[in-house]
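For reference, the chain that follows is the form predicted on its own, supplied as structure tokens.
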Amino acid sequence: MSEIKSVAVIGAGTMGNGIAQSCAMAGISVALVDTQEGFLQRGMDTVKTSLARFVKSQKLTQEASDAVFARIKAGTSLKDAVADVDMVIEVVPEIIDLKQKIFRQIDEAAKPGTIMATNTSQLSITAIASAVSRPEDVIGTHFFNPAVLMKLVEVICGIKTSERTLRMALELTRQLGKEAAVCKRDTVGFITTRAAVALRLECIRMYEEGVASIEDIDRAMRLGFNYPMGPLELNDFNGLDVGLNNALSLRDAYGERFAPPQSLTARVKAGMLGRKAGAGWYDYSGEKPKATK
């Protein structure tokens, strides 16, 4: 199978710029697209900062870092970016209508045979693929944050995804030095989101029931199961609003076992969305994070 040599990444946010950097570090040419120059500049600045850390830790030479950065070309024209690439990876917010709109644009502009991947943690690949004329070329590639460091890519096939498309997605995973977990059925939440949300919601319920404090629940999960972050710390890292949306989607699919606890809903309504807002389950205004109430 031929290697993937060029990729377009649609969306320059946290996940988008991380996926773009991962591809560039693997020697792949990348077109990074967003709707505004300011978004692109922030994304490219994030890549530059990340590469500087690799140089500082002696994992890359400065020359190699410069070469990686040069492989990423930023622009606002989706049509130009996807016209002649092997694979497009869409990384826009988890809104089905928005993703379908982007996929229609990709479908119109990309050459025949281009793999069209969506980075989603829970939305139906089949539903996204229904917006295009070639659903056999559509697949889910769920990267994890931070994309440059996390080894897992969850690969999800829609009902009409072809074997060729699956093989190409797995080939990209190999080129990036990551490992794939293939989700055989296109079900809400796939493997990881379904399991992670169930765990997090139960931890929140234990907090609400007074079983243990936020800190002790996270400590128990870190030390007892060798997790790098506790479930509530991770919720802060990824965003409580994202976690709430995940829970609501899973509740719609599987019932009340995924109903979001009141303390999660209340924090989101109060704007306590996690690290990006300065507070969530923890307050980040001091030298060390402290649990909120």
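No experiment lies behind these values; they were computed from the predicted model shown. Residues carry their position along the shown sequence, with the first being 1.
FYI, the form predicted in complex with a small molecule isn't displayed, but the following is about it.
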As a check of understanding, the residue in 238, 50, 249, 65 with any heavy atom within 4.5 Å of the small molecule in the predicted complex should be identified as 238
In the predicted complex, the residue from 263, 35, 29, 41 with a non-hydrogen atom within 4.5 Å of the small molecule is 35
*May I ask you to state whether residue 278 is within 4.5 Å of the small molecule in the predicted complex, using heavy atom distances?*
no
message = Can you tell me whether residue 23 touches the small molecule? I mean in the predicted complex, with a 4.5 angstroms heavy atom cut-off.
response = no
- Flag residue 161 as yes or no: does it have a non-hydrogen atom within 4.5 angstroms of any non-hydrogen atom of the small molecule in the predicted complex? no
- Message: When the contact criterion is heavy atoms within 4.5 Å, does residue 112 count as touching the small molecule in the predicted complex?
- Response: no
Only one of 170 to 178, 152 to 160, 204 to 212, 99 to 107 sits within 4.5 Å of the small molecule in the predicted complex by heavy atom distance, namely 99 to 107
